[in-house]
Ligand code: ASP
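Encoded as structure tokens, the following chain is the form predicted alone, with no partner shown.
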Amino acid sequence: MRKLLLIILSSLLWSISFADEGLWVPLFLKNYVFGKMQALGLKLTPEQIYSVNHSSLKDAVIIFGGGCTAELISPMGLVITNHHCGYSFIVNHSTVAHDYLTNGFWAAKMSDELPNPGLTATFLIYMEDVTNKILPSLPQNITEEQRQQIIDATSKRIIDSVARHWNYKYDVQIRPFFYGNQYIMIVTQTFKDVRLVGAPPSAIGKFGGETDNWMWPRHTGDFSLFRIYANRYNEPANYSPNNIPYRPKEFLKISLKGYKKGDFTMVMGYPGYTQEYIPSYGINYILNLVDPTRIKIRQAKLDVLMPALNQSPAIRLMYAKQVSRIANGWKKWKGETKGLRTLAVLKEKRDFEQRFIKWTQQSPQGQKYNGLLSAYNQIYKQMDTVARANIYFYEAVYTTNIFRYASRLTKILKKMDTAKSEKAFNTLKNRLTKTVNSFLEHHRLYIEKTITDRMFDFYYHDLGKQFIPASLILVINKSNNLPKCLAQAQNFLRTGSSFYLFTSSIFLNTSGLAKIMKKLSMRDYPKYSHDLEGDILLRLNNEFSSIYINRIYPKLSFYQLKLDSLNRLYMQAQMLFEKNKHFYPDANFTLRISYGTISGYSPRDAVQYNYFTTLKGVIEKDDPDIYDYRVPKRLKELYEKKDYGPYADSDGTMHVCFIANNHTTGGNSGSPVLNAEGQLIGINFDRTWETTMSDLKYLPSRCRNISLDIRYALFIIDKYAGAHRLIHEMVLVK
């Protein structure tokens, strides 16, 4: 078995493919498709892209926070990423009086750059294939649980050894690739002082809002600027006013030359999650259960939240992050289902599987894998009910604001119950009060109640009794039986299924809580613990959590373990079945490279899209009555004067966005788009809506990634914002 795996991986690493598809691991770039990249125009060597011993492009590309990519663009630690990647931090710094989200923010000098607690920048130091150190340690005929235990133990020994070698200067992890057929060690270094430097107003950085999200043509100036700070030794350090700008090993030079159709493009970044090799049963599961359920629940939330954003600037700031997060997935999944159906991906998978089954029946190599697909079919059928419950729990309960709030309260109360001193108790008591006040200050209960009504209705009517908490039945029954006059007295528009919850919980109606908190001491806590810990909101949240922990998670984990085993075998089998195909590993938020060319596309009959957009399109979309389309006055003036500085294209227009056929996915937001010389020409931020199914099936002829033209970002920084000091830091190649 181990010999067979090595044969598969050897073939995997040395075969050459001539498709533009792929999320390639840079460690093996020379063995992957480097020849094809050169044929398309690349003028770099593999070592200029990825090197352990010398600075290379990999040293200029970072993980930004927990889910985006960013790149260094100056020798003083200046970082550029997407506006939507920096969105939550821009919102955090915004108030009604200083609304940086609406009006933009530009630090006049370094001392004005704003710290962001919790924001990190992570550099890849190196990668190493450790497959031969892990898989040979596995005995034959062991269970999946035993296999994972051995892998975990072996990985820990390797990680501990490497961490000690570097004197714990770096973080070390080992990640599975190809569903556990290959293992790669990732060594990284994380900086914790990352400050906001500049962000355009939402009318530029989020132009088009959720209407234009995932769409082409696009006119969004989706960028923001941050800076990494370090201690005087250029090492990671917690925030301190004494920290200085980080001095990078490498930063990107910026091209002002632009691009034309057919030009080579390369994207480097940290794509999050793809499933290119799952069977038809997995596609069917996503197409007919997962995506439709998530879309339905998120649609209900958006129906409440989207109109609320226009009620006041304060409410917009309260809910902007939440709406952005909900709407992004909602629209992506709608496009994904449309693309899967339009391109008949399910049929294509099934046609492939018919050929695969024939091979398993006739080939000596394939006989071992006979029955794999039948096993998949059985598991997906068995897990249907619990998988549905898991989606409803996550989308309708776990991510709903009042239950996230309830979980925070529960944790504090548990600590209060076991506090060892009056001082510790009072600290927790103050934290409890602050948590309650913060929630009520940053949320509107009539909005929360309307959303909760709809979530309760979904959860109660769409799931079986085994997943319904007793307290939910109680809340719904009491809500439906309350007199309407009481509902009016409480100033809610209608009773609704959560009315009893919102009028009975002391954590949502603070007059009762204030009386308790005034009297509360460590000695008297047992007297009031029932009112606090037994509050209907916390009781309901605890019952939901108990159902998930005891009835949903164990069964789902059981089925997932079986799927993990099948996925590993099916991956092996596909590699043997298609010996001449070059397989790239699914995305798992590790550094990858994709390549392609600038190209327009035709998404449907009689529709042909150009490969770039211009500022003219921004002006054409201007609508003062719609928040997402209010073009700033200054931008209009620059357009009228055609005052583009050195950033205009050779055709005289100000390009805004462009598309290419680079393979990207979530996590690639903020990734640099590089030309053949390795110079920055754009910032990746999206995909076209018609082909968001590329996480499951990528087609170079159809799929397009959307990028911001770096010259538009420079134009906004320089001509619009007047932040000339930032331009002077960069190296612009004319």
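Since the structure is predicted, the reported quantities are computational estimates derived from the model, not experimental observations. Residue numbers run from 1 along the displayed sequence.
Separately, the form predicted in complex with the ligand exists; it is not shown, and the next lines address it.
Participant: Within 4.5 Å, heavy atoms only, one stretch in 27-35, 40-48, 666-674, 58-66 touches the ligand in the model of the complex. Which?
Facilitator: Stretch with heavy atoms near the partner: 666-674.
Participant: Considering non-hydrogen atoms and a 4.5 Å limit, does the ligand approach His84 in the model of the complex?
Facilitator: His84: contacts the ligand in the model of the complex.
Participant: Closest heavy atom of Trp214 to the ligand in the model of the complex, within 4.5 Å or not?
Facilitator: The answer is yes: Trp214 has a heavy atom within 4.5 Å of the ligand.
Participant: In the model of the complex, does Gln322 come within 4.5 Å of the ligand, counting heavy atoms only?
Facilitator: Answer no; every heavy atom of Gln322 is more than 4.5 Å from the ligand in the model of the complex.
Participant: Does any heavy atom of Ser504 come within 4.5 Å of a heavy atom of the ligand in the model of the complex?
Facilitator: Output for Ser504 is no: heavy atoms all beyond 4.5 Å of the ligand.
Participant: Quick one: of Thr385, Ser545, Asn328, Thr360, which gets a non-hydrogen atom within 4.5 angstroms of the ligand in the model of the complex?
Facilitator: Contact residue from the list: Asn328.
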